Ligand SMILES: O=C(O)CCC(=O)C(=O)O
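Here we start with a single chain on its own, the form predicted alone, put down as structure tokens.
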């Protein structure tokens, strides 16, 4: 992720006025971690998030339908090797298993993007989240030298390979997601002359959710949407991810062997002129099991103006959002959190058929 994106947070530093706990030493849930609104919508079990085989000849249509109706889906036969998924999980587990004082040597600065620490969205909530994270935007070398002074290179190699493979997959998925709307590679100028998307940006977010003594009152990661075009998530074998389905409630996205979760981000919602909802999602925790997840956050070149595509607007479908760069949008998100989309909205849909799932 280029420095221009990192600069988006400089005007919105996050200062945490408490020490990061050693979760393994906590036998009871501290009051500062006790949430009271976990059951605002009961988790649905009647309907599951779509699982799509990328080898399916109807994959494009299936992905388009999933994007419109859910804003999220799982994929199999995606081309990411099992060995690479195992390596990134092992690297993440090694990182979060380090002593807390070692991890704090790679802390994320208040106005920065990369490093170890609590989720940036923590500042919008009065209660703390039962999780820890590590963000990698650009090279992990400097931070990994702090974490593993003697053998950092092997971990850097895993990160580099994983991010490279994920970025390629994200580009492939983006064309499938937009292709079902009739968008071609020639319709997006910043994608390059052949739609190669070589100037796009990505970052990795490693998340760890320790076993929790009182999971029904704790929150791993509060409900939010992603400030991306799309996000690709690998989760280990412990459930925890939930998405909000309009008219249904919170739906658990169970891990499937070798599967990856793909969700629509705010910027793809804008590009699609509201056709694809940016899905609200959260992470809950488990009483006996630790959970790991690794998210690839994928976006456009940082200073390219993103707006509803011309093919998707017209007299009955006016543009719903003003043009905005990813860098500017990240600043909006840092300031307004889940009201960021509303802050760039310029028009209300003309009828219910064009209505959007609003995530405020």
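Keep in mind that what you see is a predicted model, and the values were worked out from it rather than measured. Numbering follows the first chain given and starts at 1.
In what follows, reference is made to the form predicted together with the named molecule, a form of this protein that is not presented.
Visitor: Does residue 224 reach the named molecule in the predicted bound form, with heavy atoms at most 4.5 Å apart?
Guide: Taking the distances in the predicted bound form, the answer for residue 224 is yes, it comes within 4.5 Å of the named molecule.
Visitor: Check residue 108 for me: does it contact the named molecule in the predicted bound form (non-hydrogen atoms, 4.5 angstroms)?
Guide: Although the named molecule is absent here, residue 108 would stay clear of it in the predicted bound form, with no heavy atoms inside 4.5 Å.
Visitor: I'd like to know whether residue 174 contacts the named molecule in the predicted bound form, with contact meaning heavy atoms within 4.5 angstroms.
Guide: Heavy-atom contact with the named molecule at 4.5 Å: absent for residue 174.
Visitor: Is residue 205 close to the named molecule in the predicted bound form, meaning a heavy atom pair under 4.5 Å apart or at it?
Guide: Heavy-atom contact with the named molecule at 4.5 Å: present for residue 205.
Visitor: Pick the stretch from 164-172, 98-106, 146-154, 275-283 whose residues have a heavy atom within 4.5 Å of the named molecule in the predicted bound form.
Guide: Heavy atoms within 4.5 Å of the named molecule in the predicted bound form occur in 275-283.
Visitor: Would you kindly say which of 320, 63, 49, 295 lies with a heavy atom within 4.5 Å of the named molecule in the predicted bound form?
Guide: None of the other options qualify; the answer is 295.
Visitor: Would you kindly say which of 230, 88, 136, 241 lies with a heavy atom within 4.5 Å of the named molecule in the predicted bound form?
Guide: For this set of options, the contacting one is 241.
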